[in-house]
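This document starts with one chain, in the form predicted alone, laid out as structure tokens.
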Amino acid sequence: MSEQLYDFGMVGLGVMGRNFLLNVADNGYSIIGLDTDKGRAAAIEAEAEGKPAKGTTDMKTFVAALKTPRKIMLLVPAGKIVDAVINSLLEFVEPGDLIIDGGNSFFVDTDRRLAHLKDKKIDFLGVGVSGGAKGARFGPSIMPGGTKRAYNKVRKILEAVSAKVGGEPCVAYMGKGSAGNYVKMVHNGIEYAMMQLLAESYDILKHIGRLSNAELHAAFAKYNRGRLRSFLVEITAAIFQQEDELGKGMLIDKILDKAKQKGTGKWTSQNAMDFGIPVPTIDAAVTMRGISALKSEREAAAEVLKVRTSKAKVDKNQLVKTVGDALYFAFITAYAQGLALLADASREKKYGLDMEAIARIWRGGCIIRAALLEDIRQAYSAQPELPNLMVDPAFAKKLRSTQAATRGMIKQAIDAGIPTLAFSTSLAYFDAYRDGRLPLNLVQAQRDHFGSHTYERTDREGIFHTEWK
């Protein structure tokens, strides 16, 4: 009898790669994994629990053991390692085979790899995968981009392993070229914004409301039972119950306040600026991570500049409600900014993104999954060309009903010296977007005054310049 041939191969058997591959096996497909670590390669067969599975450290063996056209996924660190693996695979793969990059690759790199592999007649997909290690194992949200032909080769497998909401798989073809990686990048930008908004909510509840960790858990658990129900709110509630295994008290109070980042949030901000699309809440989240890294400077500045001035008593229950309303308002604006960027990028790069489909596959599996996304899906289903989520009638009503709470909470934070950069930019974005007459006429006058950059007028067509006195 001939040797077993496998349906699906994975390069990189770290936590994400191993879990995704086992998920594939659970759904009835035979699997083979490749890793330079002998222990990881050997473990995959045992972890598959009797299902058709193999692990190897030899690339030639790995490629030869796959059914044609081969379906090979990479879950390795983004950057040069992806290129190195692809170049090694090219020695053994054949025209018509499919290589899938499932890491957080920069979309520009994906476009380059697509062009390189097209010349060699190798199909390629840049695929965003969200959900962390647990999502990879039991059902992530999956965002594939490339040719429709390439996607169809692996569509059934991706639909099988993805998360499900109401029986619908949380995977859909995103569009041409690097569409999948671009959508995942913006997903992560929204994720940055939501995490920063939750951190600012925590700061306000803790230092203005003086909520204990137990009360903080109760507050966020309450949020998660209502319209703020989401994965990030759920895990935030759980965090306040985690005891410190290395000392006394709760773990949250022992964690250093320096947030790290892998770059996807920054990429979102940078690319939004390139396209001229405002994403101020995402920008604020990236900025706050940068400020958090200045730990020693912040501690020194606290001695000189003084902070935390409020000692007024507040009604805890009322504050919890106010913060919840503000969080709902700001979550909507964060989604609105990210989705507006996606719509513009789709036009600029001719991705052909379907906004309703994006909202649909984000409802389950991914880090930013939330009850709000069903409402967002419905909004784009009714108006596929919706210019901004905030002008959808249902969302406009939600924002109008929570803006007063947002303003009040920000005022309290300002009086207490508590930074609310993400909340403040969310509110400013809302106010600016709905203002039919911004003061940027003065900026245009200034530009023309010092640099003869010209301006347009409100009362007649054309381009004008003035010799200013």
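Throughout, we count residues from 1 along the sequence that is shown. Just so it is clear, the structure is predicted and the values come from calculations on it, not from any experiment.
This next part talks about the form predicted together with a small molecule, which is not shown.
Distance criterion of 4.5 Å from any heavy atom to the small molecule in the model of the complex singles out 367 from the list 367, 340, 288, 373.
In terms of contact with the small molecule in the model of the complex, the residue from 79, 263, 352, 278 that brings a heavy atom within 4.5 Å is 263. Using a 4.5 angstroms limit between non-hydrogen atoms, residue 217 is distant from the small molecule in the model of the complex. Contact between residue 129 and the small molecule in the model of the complex is found at the 4.5 Å heavy atom cutoff.
Taking non-hydrogen atoms only, residue 104 approaches the small molecule to within 4.5 angstroms in the model of the complex. Under a 4.5 angstroms non-hydrogen atom cutoff, the small molecule in the model of the complex has residue 192 among its neighbouring residues.
Stretch-level contact check against the small molecule in the model of the complex with heavy atoms at 4.5 Å: of 249-257, 183-191, 376-384, 70-78, the positive one is 183-191.
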